[in-house]
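Quick setup: one chain, the form predicted alone, written in structure tokens, and binding and motion questions come after.
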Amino acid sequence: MPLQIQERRPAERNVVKMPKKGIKKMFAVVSGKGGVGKSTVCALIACELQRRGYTVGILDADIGGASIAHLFGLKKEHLNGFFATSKNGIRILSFALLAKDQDRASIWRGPLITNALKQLYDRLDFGELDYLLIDSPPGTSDVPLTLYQYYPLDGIVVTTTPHDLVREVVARSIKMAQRLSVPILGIIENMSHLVCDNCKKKHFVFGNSKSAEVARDANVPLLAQLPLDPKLAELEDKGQVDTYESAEMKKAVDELIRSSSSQAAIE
């Protein structure tokens, strides 16, 4: 007998968005599954915005896999109250910096995590910001659902990779956002290709990209196709992601700013 699951529409009664708290634009960087480099993409967007003179913050909402602090080389001793500030001036709130033991796994059920997400935002005190980037938990379950329903998002950026499987996963993430009326600002494909140091030829080690097709089908822009770059991996291991610059990411942020401005004009 086939398994029959009755899907219910996410409950929206009595859901009140939390206040913006002086934040002009709030974007969540999301993915349908883990392991696609969502935190890297979030950090790179934040760094590129900061280079352009914007005041930027990051809320690391991926409680079970918080990694933003590591990418920026931040530890508990860098905390100033409830958040830390990176060397390049990005304000960062991460559960990894607040936990008593950074090496201890957060073995929490969904309701506890969703409650923690609300508390993190309640305690958020970055002051005036041009942009707040949220590193969202992966998937389409109750945790990102809480983020979409309660956080006053201006849009999401979907992170993907070229693998065939990810195409289906991205489609589900996009449909979830559409169903909850959350604007989709674009797709960023990570680990798109590897550029040979000698001949500069692109090698598509994970197969031919499907991201352009997914973006076209969803009627959203493909913001960037970021290459596999050993230099980036090295800098992240050293906690120096803020020193990495990418021509592809510059173009992505140009389009992200344009796309979010167009979305605001429509609303």
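In case it trips you up, residue 1 is the first one in the sequence shown, and so on. Since the model is a prediction, treat every value here as computed from it, not as a measurement.
Separately, the form predicted together with a small molecule exists; it is not shown, and the next lines address it.
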{"query": "Contact of V205 with the small molecule in the predicted complex (heavy atom, 4.5 Å)", "finding": "no"}
{"query": "Partner contact for E236 in the predicted complex: the small molecule, 4.5 angstroms, heavy atom", "finding": "yes"}
{"query": "Close approach of V36 to the small molecule in the predicted complex, 4.5 Å, heavy atom", "finding": "yes"}
{"query": "Residue contact check: M191 to the small molecule in the predicted complex, 4.5 Å heavy atom", "finding": "yes"}
{"query": "Candidate from Q240, S67, S209, Q50 lying within 4.5 Å of the small molecule in the predicted complex - any heavy atom", "finding": "S67"}
{"query": "All of D154, I257 and S260 within 4.5 Å of the small molecule in the predicted complex, heavy atom check", "finding": "no"}
{"query": "Option from 215-223, 196-204, 51-59, 28-36 whose residues, in the predicted complex, bring a heavy atom within 4.5 Å of the small molecule", "finding": "28-36"}
